[in-house]
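Both blocks below hold the same protein chain, though in two forms, and each is given as structure tokens: structure 1 and structure 2.
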Structure 1
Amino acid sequence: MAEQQIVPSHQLVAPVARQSGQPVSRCYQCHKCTAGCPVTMAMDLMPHQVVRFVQLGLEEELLKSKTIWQCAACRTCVSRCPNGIDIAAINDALKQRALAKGVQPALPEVAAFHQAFLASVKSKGRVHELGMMIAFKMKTGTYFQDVPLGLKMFRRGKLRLLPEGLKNKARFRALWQGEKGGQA
């Protein structure tokens, strides 16, 4: 990134502000968000940098960053930001932008998890945790990770074998497919 010329552009502020509902331009880089964030050790951009990069229009760096996928959505940042900026919501907007533009997620396993989760909800209306875990493992090839834990949970009756469904499937399906929901 160092060798790349940074050309500040405000063109990213409006769409990200609209999609996330956050007053992105109010940020004055006080770093309170970053000071409280629990997962900075695994981030490549600090939370305050995410906001600054949006202000500067550095879209490619943002969409390719680990940070937008790493965010745990704990909302410590927004609780403490003097300007009420919810960086989890900004990260969500950037994740959706990255997928819409075909940018490969920097943490593919996190993206695969969210996709497996929503696929499970889509098919039955409720998450089937066991089925979702299997789908996630097929997608990521992490077949053996957490298997002993899964077995322990299974033995204690914490994982249902069969999914539960809704009675009124048509109603749920119609709502799911509503105007903008169809793509998930």
Structure 2
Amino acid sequence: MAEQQIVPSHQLVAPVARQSGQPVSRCYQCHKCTAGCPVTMAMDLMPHQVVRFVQLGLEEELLKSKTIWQCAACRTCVSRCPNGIDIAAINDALKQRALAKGVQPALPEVAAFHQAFLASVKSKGRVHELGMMIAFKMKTGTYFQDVPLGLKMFRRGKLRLLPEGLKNKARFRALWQGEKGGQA
């Protein structure tokens, strides 16, 4: 069986670098990000491979990977990277590309949580946990799975029925439009 030859393409570097704000081209594959990542056991691509795949233009493989959805965004990678590359930011850019291109997420539950989180922030200016979890449960169809935990949190005052207000909604909207292009 012949090995598939990879033909490098740099067409993915510029848009991912622009959207993530990360100097993707500076990575020289020292693997320090992967060595420190606490979530590698659940990933199908290691953090250093994500950057390398971006450099090689392997968009399809990246957008279909579990890794972009599995990343805990703990930022251990950026603290270890000699070039300060934040792979969580790259993964966020790749998630947005996957959603924009209609690519089925490798981890649909994580994608549903991601979308519910962003929708909550967009509409309220901050996360309203109860509303976000209701939206997440509606998307995943797991309506009653966490009811005992939710009731316990509510009794302890950890979940608010109504969202907190935002002092300067106009400023938040302007920031959201500038940062996200108005997309959730």
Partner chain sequence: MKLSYYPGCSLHSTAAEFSASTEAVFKALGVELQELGDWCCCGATSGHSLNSYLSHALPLHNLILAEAAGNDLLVPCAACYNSLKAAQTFMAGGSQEARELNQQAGQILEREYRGEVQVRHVVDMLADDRIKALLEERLQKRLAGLPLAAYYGCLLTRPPKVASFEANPEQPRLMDRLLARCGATPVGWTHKNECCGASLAIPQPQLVEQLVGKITAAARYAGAAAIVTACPLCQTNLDSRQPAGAEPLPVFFITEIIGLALGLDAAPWLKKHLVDPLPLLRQQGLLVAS
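What we label the rigid core is the largest C-alpha set whose atoms superpose within 1.5 Å from one form to the other. Along the sequence of structure 1, residues get numbers from 1 upward. Just so it is clear, the structure is predicted and the values come from calculations on it, not from any experiment.
For the form predicted on its own, the corresponding chain is the one labelled structure 2.
Summary of the rigid-body analysis between the two structures: the C-alpha atoms of residue 175 and residue 122 are best fitted by the same part's superposition.
The rotation of the smaller rigid part against the larger one between the two structures comes to 17 degrees.
Core superposition places the C-alpha of residue 155 5.0 Å apart between the two structures.
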